[in-house]
Structures are given as structure tokens and as C-alpha cells.
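The chain below stands alone and is given in C-alpha cells; this is the form predicted alone.
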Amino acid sequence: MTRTKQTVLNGNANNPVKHLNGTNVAPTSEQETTDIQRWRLLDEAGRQTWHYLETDEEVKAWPQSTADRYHLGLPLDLPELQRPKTALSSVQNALSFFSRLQLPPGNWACEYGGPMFLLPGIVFAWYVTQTPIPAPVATEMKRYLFARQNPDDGGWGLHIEGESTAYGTTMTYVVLRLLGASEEDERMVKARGMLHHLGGAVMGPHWAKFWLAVLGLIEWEGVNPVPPELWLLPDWVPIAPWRWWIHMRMVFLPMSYIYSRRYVTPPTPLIRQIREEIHTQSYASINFSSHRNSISPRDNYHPKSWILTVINWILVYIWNPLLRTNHIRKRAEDWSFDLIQREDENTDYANLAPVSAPMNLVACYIHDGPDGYSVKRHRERLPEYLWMKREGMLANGTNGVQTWDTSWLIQAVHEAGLAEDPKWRPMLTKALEFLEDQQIRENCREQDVCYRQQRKGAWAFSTKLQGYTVSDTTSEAVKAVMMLQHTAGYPTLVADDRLHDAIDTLLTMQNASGGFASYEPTRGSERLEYLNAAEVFGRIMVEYDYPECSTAVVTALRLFSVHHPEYRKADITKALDGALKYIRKAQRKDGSWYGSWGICFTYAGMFALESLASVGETYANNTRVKKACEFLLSKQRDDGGWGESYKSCETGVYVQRESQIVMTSWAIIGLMVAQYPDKEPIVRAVKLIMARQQRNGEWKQEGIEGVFNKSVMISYPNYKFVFPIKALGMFARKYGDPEIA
């Protein structure tokens, strides 16, 4: 059993240091791992946190669950099941396994990792705010980061499958040093060599430079401006931040406040040492102002426009030194912090995501002091973003995917025709209870003042406390609830008036194009991408129409209208007509659709074909659907599966990879809803899915499945259950569940 000290703030494995505030900083244990059998996942109404049990008494009182052991990669000792001969028996085996992972509130949990820039922000915020880091957490974070190090060059990428970049390598190197890794560790030496090869930390993108400035690892002169004065612009101004995509403006908000304050954490010996490690020349000799626009070619996915470069020059050399009065500065800081407080209140300090949440913590620390309630509450909520797995501890892309995955599981079982099976009714009833509990029942206070979208009746991607309306999550939850509540044997937990609330909110989210975006309707012009300062992401400044979100809404409205034919009939008809018109228009000449939330053309094709099928457009009667099916079939691999690389998302062109069960499931779901007439390619795919199923009913994790902003990949591990279950179930219902040789 590994025993480690329970207090770590920062320092390295060789030399304990002391923070300038007097806090003792203990080095982490020299051992590389904790006792993984002492970790437990606690799920409190969807709020998921991992805990390390220090004593044998704690271990005895809180045994590891099957779900704990599965997520930690420990042996489950489950019996081997009879080898399935039909698609439906494969589904039964899968449910036998997956049902064991359901948590007490009724949801399923999983890793939602992939991006490598999430964990550093949390650790940086802890360091800046002098928040103690438990030694088991520090140990497991280090272990995960080292496990994800590129074995060839020693660096880290933007995401776990990406090539090494200045962003990933700089952020990860610094966080490892703060967590106690020695600069003399051979892995750190190799990482430092790669970072220097890329030009050093000054070649990182804007978000990296922001955090380095807060830590005192570069000077603020090396960071392009983040002016909070933009929040003072009248709402009618085309570039006003309320028009930006929600994730971008929620990052810009605390970033602008901190930038305006030019906050730098008090330097420590460790910080002074890291300064000399991450740059290619001595810290004192660097002219940081000359590196505001420096960026490694590997990171420069979305180069700064000449317009943004000119604006930055004006802000640096004219606005800040000559025109920005103290009165304007204070007004901007006061209003931006007021908006930060509103975001904290509306999410109970969980915030939107793990990029903005650590920044909000630092902003509150600056404004309210180390003992402020806001700081205390942020410290309590940040662990919800952390996830423990066999490789160590990572940061999830949100505080979970609870509602999203639970909704999909319900639908998959229903599609398989098994919702009425008494064996699965308790599992599904618990899942329905979870969705009922997680519906958002009220709008944000003064939602117009804080620029929030209507949310009453909606479901958030993770939990109701996070509180952000998402169009596709709400739609999938509405479908899941209605599917079960209209199946014999299930209680009516979500009343009609609450379903009406959900539909009312969905109808507020449609764009003029007819399509639906993610969190809110598009508020600004695509020309705002000229102001995209993030550099490593594409399509980040405004909301866009998405085939996936639009399809989710279409299918939800169609199902709702079956059971509530008179409720807002004209509005729903109009919304459906507009959404379907958008989906048809979004199809490319080759028959495909570009996907923005899953990889990539396979994912979007499944959704779009579901939309068209919902209004009777099939392979037999519609050339558009026929062309889409032919596109999918042209990508089927020799083994019967489909495999699409994340490079498709980056390049906008389909890029093959080895077959994946998730993408294979997406493809045949699309073909089946389109009523593609030839059974043979679908049978070949079903054979591959069934062949990869383990004897205990599970499928093993394969490649990464999700994406956002074109360049960042993210994991959806439960997809390897819900989509094969749905695909196999649909196959069994469509073809009579024949024996698969």
C-alpha cells in the first residue's frame, strides 16, 4: 500500500519549498502511484467526485463498487456469458454488463477527457490561490500526464491523439513541476528538449501566455490584450461579447478581469527555477513584448487576422498608455466582476467548463481575498471536473456527461425493443428518475442582464446545477422521457406542463437559417472569427448551425407532436420546416455532412439521415438520402467496419483509420433509418461489432470519438455501449434477429 502525505501545494520531488505566504509545501511521494484500490467515486445527485481512502477502516466502511473498479481498470471477475449468436442476444449481454455500471442516482459516469490543456488550468488556479492539493491527487495527476507523454519526442499535444505542440508541452511541463516532478527526471529532460525545439514557452498561444503571466513565468507585456472594456460596449455593437459563443465569452470574462488587474502570484524559488527551464534564453534577457504574436507553427491552427493584429497594436500602444483612464478601467473591472458573480450564482460556482472555472476562482481570489465565500465554494466545486482512471487523474471537459449519456442509453434500449422486458425495467426506471430530477425548473435570475439563454424546462449536458441549456441534450432527454413514459409499466414522472416548458425553450433556440446551434441561437456574425485570439481553435467566436443539434431537435419535436398534437402546432411545424430545410442545405455535394461534435462525417451523417427519415425521406424515394448512403458505403472498410480519423475534423476531408465499433454503429444506424435496401453491408458491420464484444458483454475502448472547435478531440467512452446497443437492436427489429454466422 502506498502511503503519501496529505498536503501538497507546490514544490518538487527533491527540494521542499515554502510559499511566500508561509504555507509549508511538502514534496510528493517518490513513488509513482497510489494504491488504486483505495479510490472511490461518489455520485450525489449527479455530482461526481473521486475520493482516496487513507485508512483501512475507511476502506472497510466503503467498499469499491463494480463501477469504481471498471473506471479504474481493475479486474471485475464477472462471469463469462454465453457467446451471442444474434444481434439481440449481443444487446442482452451488453446490458448485463453496462447495467452494473449504473450509479445510485440512476445515471452513468465516465471519463470525458482528451484535451491536454484542461488539467493545467485547475492546478495553476490551485497554486495561485494557495489551495492545498492532496498528495494522492498530485501523484495521480503526474502519473496521468506522464502516461500521455509522446514517447517519440517527449512533448504533449493539444489532445491525447495529437502531435506535440508548444501549448500542450508548455502547460504540461509547468504543471508537472508544480506537482512535484523533478527537473532532473529523464522524462522532464526530454520534454524540456522538445519545448526548446519548438522555440520555448514564448511560442505558446494566447491562452498559454495568459496563465504563464499569472504564474510569473512570463511578463504581462508578452500577452496580447484582453480588455474588459469590451463588456461596456452597448449591446447593439456587432462585436459586443454577449454575441460570442458561450464558451469563448465565459473564458474571456475572467481572463479580461485578471488581465486588467495584471495579477501575478508572488514568486517562489520554484517559479524562479521554472522560468529558466521553459525558455531558450535566460529569463532576464527576454524581450517579452516582442513575443506577443510569437506562436509555434504547430499551434497556429487559426492564425490571427490582420484586423486583430492591428487592434492589438492600438490597444498596446495607444489605448492602454494614453486613453485608458482609471475611471474607465474601474468601470470595466467592476462590471466584468459583476458578471463573474452572476455566472457563479447561476451555476453554484461549478461554472460552464474547466477552462473558465479555474479563472473564475482566481478572479474571486483577487477580488474577495483568500477567505471569501466565493473562493471557498470554488474550491469545493472544482474537484467535480477531475476523473480517476487506470492511467491516473485527468480533467474532464465538463463536470460530466450524466444527462447526455443517460438519455442515450434509454433510447438505445427502447430502440432494441427491450424497454418492456422486466429484466431491464428497474435500470430504466432509475434512469428516468435521474432525468426527472435533472430537469432545470427555472430561468436564471435577470437572465437578460447576464446574457443567458432561457432554460426553464431544459436539461444541461451534465447536471441541473451546472445549469446551461443545450439544444441536443434537452432534445435527447425529452425523447428518452417520452419513450419510457409511453411504455407500459413506467411511471409518469415528468408531467405534461414540464414537457411543454422544454419545448418552449427549444423553440427559442432556432436560428434564422432554420438550423439549431448548441447553447443558444447565433448572436453574432461569422466575421467575428476575425477576432479569434485563441489561435489553436477554429469556429469558436460565435454559435453555428449544426446538423447534429438540428436533428436532435427535429426528432424530439416530431415525437412530442405524436403525443401532444395540438400544443404549439403552428410553431412546431414552422420550426420543423426550417430545420429540415437547413439540414438539406448543409449536405455537401458528395452526400456527406460535416460533424462538429463527433468524428466527423460518419457522426453527422447518422444524425442527418435520422432527420430526413422522420419526414419519410428514404433511400428509395429521395436522391439526397441515396447520395448520403452511397457516401457512407464508399467508406466501409474491408473488415465490414467504419473508421474515421480525427484528421477529418481538422481538414474537412474524410480521413480513414482502422475500424471502430462506435463509428461502425453510427454508419449502420444511418443506413437503417434511411432504409437502405441491401442487407449485406449492414450484416458485415454487425459481425464486426459482435466479434469485438468481450465474453462479459463489454466492448473495449478504441479511438477517440468526439470533437469541438474542429481541432480538439474529446472522449465519450460510453458511446461504445449505447451506440452498438442501438445499432444491434435496430438490426434485430428490422431483420427479425437472424443468427449471425
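Residue indices: 1-based, along the sequence shown. Being a predicted model, the structure only gives us computed values, none of them experimental.
There is another form of the same protein, the form predicted together with a small molecule; it is not shown, and what comes next is about it.
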Exercise. Is every one of His247, Cys549 and Phe708 in contact with the small molecule in the model of the complex, taking contact as a heavy atom within 4.5 Å?
Worked result: yes
Problem set entry | Among 579 to 587, 272 to 280, 248 to 256, 430 to 438, the region lying within 4.5 Å of the small molecule in the model of the complex by heavy atom distance | 248 to 256
Problem set entry | Partner contact for Trp39 in the model of the complex: the small molecule, 4.5 angstroms, heavy atom | no
Exercise. Is the gap between Thr347 and the small molecule in the model of the complex 4.5 Å or less for some heavy atom pair?
Worked result: no
For this session: Check whether Leu118 has any heavy atom within 4.5 Å of a heavy atom of the small molecule in the model of the complex, and answer yes or no.
Result: yes
Exercise. Looking in the model of the complex, any heavy atom of Ala353 within 4.5 Å of the small molecule?
Worked result: yes
Seminar exercise, completed: Picking from Tyr451, Tyr519, Phe560, Phe337, the single residue whose non-hydrogen atoms come within 4.5 angstroms of the small molecule in the model of the complex is Tyr519
Problem set entry | Residue among Phe124, Tyr594, Trp108, Phe537 with a heavy atom within 4.5 Å of the small molecule in the model of the complex | Phe537
